[in-house]
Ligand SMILES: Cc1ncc(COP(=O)(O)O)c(C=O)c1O
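For reference, the chain that follows is the form predicted alone, supplied as structure tokens.
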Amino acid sequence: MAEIPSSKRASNIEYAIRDVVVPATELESQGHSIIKLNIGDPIAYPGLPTPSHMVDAFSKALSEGRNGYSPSYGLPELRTAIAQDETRKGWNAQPKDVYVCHGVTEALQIVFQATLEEGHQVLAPGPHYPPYMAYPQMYGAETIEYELKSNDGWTLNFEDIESKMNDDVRLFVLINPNNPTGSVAGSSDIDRLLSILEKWPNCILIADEIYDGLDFSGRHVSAASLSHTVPVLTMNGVSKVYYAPGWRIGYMAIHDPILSLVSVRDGLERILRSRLCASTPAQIGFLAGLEQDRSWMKQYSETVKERRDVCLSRIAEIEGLEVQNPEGAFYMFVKLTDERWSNDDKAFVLQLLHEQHVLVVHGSGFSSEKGKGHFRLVFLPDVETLNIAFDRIDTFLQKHRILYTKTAKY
């Protein structure tokens, strides 16, 4: 029988973070235990549960029957709480500027639908979170990577940014703190970026700040708080800083200082209405996180930072690995310096998985050009698990260094 083809837009999608799970699942089905350092799910690791008062609020909403459709733009009380939280970050956010979505991923899809046409461009950092590459092409647009300086803390390369700006660039993406590198852009960086973007009135800044509460540098600042002319769409949610990724609640908040987004806002609202709403009880759980005690966040951040420091210490001791110190989020983007792996990071990831049962993500999955020769690891597991993982990585590198040397001689 003839096979019915899938659409080209679907067959071209790759999502490295979850694609590597396929061979890992096969190994697990054979009885192997895998140390998973691949996916940024904070509650998959010990000591970082979703706060109990948020869980209680979610559960109470279910028990009280608050489980029906909510308004398409989000529960009014949640929109108000988010606006107040964004205002505390330095800009005058109003509830009408906030739109609650089924995670930041849905928010991005809606933004792409509302702003992109055939021939448009999206500028995103290289390396970057995969959906910024995958989704724009569904709407006829193209993602162009701008450089993060790999030997300078993965900082923004402003010369490269300026060279790539043009009239077709509709969206500029700033992931801050960055996934996968953990770099943080401070106020001087954002000011310089805004001075470039304001020369291009058709361009909107997407400020992906989902990791803003995991800033170890003390330099993070809301991009919207610094912009006086450039429109900013802030992305944030419950997944990372509030440790509830499976609830799938995120939001976009519009900062429109010169009222250039009237038509875009109308388009966003039309799409939001057409897809109904985000989960009602999960919104209520997020509301509890915003309105109730946040003192727990300090201990969680200290735990994450302690685990980061363990990874930095271990990497410094292992021949064949180098890393720029991540200043935020809970990832590090590790450089492979052995000749055997520096040009084939995906082979490193797959062989490490099969031989040592440690799962990380190949850097080229975050950018075929700017991520190659690296791998991303999540530093959220407990210290004992991290040490076991690094022992296995070290053993793997030593073994293959010997084999590669012997092969090279012949």
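From a predicted model like this one, the values you see are computed outputs, not experimental measurements. Each residue number is its position in the shown sequence, starting from 1.
Although it is not shown, the form predicted together with the ligand is what the next lines describe.
- Taking non-hydrogen atoms only, residue 103 approaches the ligand to within 4.5 angstroms in the model of the complex.
- The shortest heavy atom separation between residue 208 and the ligand in the model of the complex is within 4.5 Å.
- The ligand is not shown here, but in the model of the complex it comes within 4.5 Å of a heavy atom of residue 239.
- Heavy atoms of residue 248 reach within 4.5 Å of the ligand in the model of the complex, making it an interface residue.
- Judged by heavy atoms within 4.5 Å of the ligand in the model of the complex, the contact stretch among the candidates 172 to 180, 84 to 92, 309 to 317, 139 to 147 is 172 to 180.
- Site annotation in the model of the complex: the residue of 73, 331, 154, 112 reaching within 4.5 Å of the ligand with a heavy atom is 331.
- Heavy atoms closer than or equal to 4.5 Å to the ligand in the model of the complex belong, across 114 to 145, to one residue only: 129.
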